[in-house]
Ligand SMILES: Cc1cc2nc3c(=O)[nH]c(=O)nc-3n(C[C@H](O)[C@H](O)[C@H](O)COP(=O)(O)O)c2cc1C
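Coming up is one lone chain in structure tokens, specifically the form predicted on its own.
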């Protein structure tokens, strides 16, 4: 990493919103056990004609935190404005527009990355939320976006569009919608945004799974606001701290001290889910998390299988204890 671009305080390290995983419970417990994350984002809140958030969505935002940014999913400017103003009343100073979700159930409704199919409609949407009479009553607006729909060759046109609006931050996942999470993030596509948009508003998202990955991006694009990690953080919850210190995970995986911390985190997280939901739901949520964490235990397939097959909280905790 170049001397002028160390991953110190000025680099923002951000937790990606992941539906069903990075819930309010997860975020609260994670922040108790680990450090290094500057911003967290809620999984998307659906804003629609009802002008009401669902109960589970309200739980994502009811506990205000200055490092939390609510993410809004909608294709209608009036619904976005309603949601943004509601969230401002709760104390939030920034909201995030989801223009990146690649799920077919979302994009078929022209939401998420589906908004990028019609950039003229997207421009009209942005004109209203930034230029309407109520714009002054809303929090700052950031956006999380893909670099295209069918191809990252669309990145420059999207970057030109975004450059005309005062987004507080532009988080770019340089894959197309059709890529889903396959293929390698396209650095040329991110470069299109880097050329068009002030660097201190840009955040890189996509396949940040190690200190080396982070250093590569920060060296290649000096001066960007920061990096966002989702799957990498779930696999190694120490990743933000490692990026800060530039010390990679050891060759043998988690140290004994780190294993003790991870064990404490996972135990508390399971107990919180079981208390708030049910034993069965808590097990499902923890197994979903272990689908990501498993890569940090490459030589423990038998023990990982025991976690996946656990049918009760007792069986699950015993299996986790054996691997940690």
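Positions refer to the first chain, counted from 1. It should be emphasised that the depicted structure is a prediction, and the values quoted were computed from it without experimental measurement.
Absent from the display: the form predicted together with the ligand. The rest refers to it.
A heavy atom within 4.5 Å of the ligand in the predicted bound form is found for one listed residue only; from 53, 297, 292, 265, this is 292. Screening 189, 158, 202, 228 for any heavy atom within 4.5 Å of the ligand in the predicted bound form leaves a single hit, 228. With a 4.5 Å cutoff on heavy atoms, residue 71 counts as touching the ligand in the predicted bound form. The closest non-hydrogen atom of residue 307 lies beyond 4.5 Å of the ligand in the predicted bound form. When contacts are judged by a 4.5 Å heavy atom cut-off, residue 213 does not count as touching the ligand in the predicted bound form. Residue contact check for residue 177: none of its heavy atoms lie within 4.5 Å of the ligand in the predicted bound form. Partner contact region in the predicted bound form: 229-237, out of 193-201, 229-237, 79-87, 216-224, criterion any non-hydrogen atom within 4.5 Å of the ligand. The candidate site formed by 18, 44 and 207 is fully in contact with the ligand in the predicted bound form, as each residue has a non-hydrogen atom within 4.5 angstroms of it. Taking the ligand as it sits in the predicted bound form, the stretch 144-176 comes within 4.5 angstroms of it through a non-hydrogen atom at 144, 173.
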